[in-house]
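What follows is one chain in structure tokens, specifically the form predicted on its own.
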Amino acid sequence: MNARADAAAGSEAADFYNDLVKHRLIIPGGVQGAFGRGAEFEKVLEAFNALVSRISAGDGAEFCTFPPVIDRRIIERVDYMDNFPDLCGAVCSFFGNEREARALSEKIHAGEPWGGALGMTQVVLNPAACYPLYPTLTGTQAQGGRLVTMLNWVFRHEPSPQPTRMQSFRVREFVRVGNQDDVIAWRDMWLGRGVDLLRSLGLAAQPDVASDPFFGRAGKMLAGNQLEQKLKYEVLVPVNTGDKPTAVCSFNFHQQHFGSTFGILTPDGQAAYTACLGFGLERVVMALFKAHGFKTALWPDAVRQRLWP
């Protein structure tokens, strides 16, 4: 887009944000990308998550959930800091003595930077919903592999005025573990199922090949390889602007990366293949409000019946 189109898109996104605030669907928190959610917003989010559970009930997925913080060693082992250092949220704390605590307090009250007085803890904010699962899968999997679903909070340091670009958000995630053919077939099945699900809610969903936002010059090569091998797909829906739709669902085929890293093995002793899919729950909810208006009582009957049968 040219500068004029960029400005128009930014204005449209700002208007949408202001409308969400005016209708008490989101509650400003003073920091870009970190806002509260109102009761009506949460009602829709819970309904959509329940709908995902209903349509996947026959798949036999195990359910678990993890806290917003994970062992720092996980992101170190999966090379997250090589690929996405700009998105990381490390948790730091104070480890000093009383004298150092007084010095810290003085810096804060003087309006001076005080991060240097803190040290890293053993945890980081979870940057991907599936990350905390993989270390728990170490060992030989049962014949046929494994399927797990989760609802986890995710953090990525990318503040933005766009309401869909959040620093902290929830993802309904599914992870498939097994041999290559089974994992790819599952990924492809869910790609079609996810598009159908979103379209059944009146959303103009379109799938597309995508890449992750790898950091730096080397990241451009990684992104190119990801696109060429079609390792990542997204489902796009108009939210902020119709000209540049937003990814509300993503599908990643990891090949044997996590299987090799965490010793996840198939019955024949090979590193397992994995794939994941995740619905960005807040983004789906915003897409619904964008498509159908800010009062759920006025939404089309077919959409309401789908969400609240």
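Start at 1 with the first residue shown and count on from there. Since the model is a prediction, treat every value here as computed from it, not as a measurement.
Omitted here: the form predicted in complex with a further copy of the same chain. The next part is about that form.
- For the candidate set Ala210, Leu125, Val195, Leu201, a heavy atom within 4.5 Å of a further copy of the same chain in the predicted bound form is found for exactly one residue, namely Leu125.
- Checking Leu87, Ala223, Leu231, Leu191 against a further copy of the same chain in the predicted bound form, a heavy atom within 4.5 Å turns up for just one residue: Leu87.
- Contact with a further copy of the same chain in the predicted bound form, judged as any non-hydrogen atom within 4.5 angstroms, is confined among 252-260, 272-280, 236-244, 66-74 to 66-74.
- Proximity of Pro267 to a further copy of the same chain in the predicted bound form falls outside the 4.5 Å heavy atom cutoff.
- Heavy atoms of Phe48 never reach within 4.5 Å of a further copy of the same chain in the predicted bound form, leaving it off the interface.
- The closest non-hydrogen atom of Gly96 lies within 4.5 Å of a further copy of the same chain in the predicted bound form.
- None of the heavy atoms of Ala57 is located within 4.5 Å of a further copy of the same chain in the predicted bound form.
- For the stretch 136-162, the set of residues having any non-hydrogen atom within 4.5 angstroms of a further copy of the same chain in the predicted bound form comprises Thr136, Arg146, Trp153, Phe155, His157, in sequence order.
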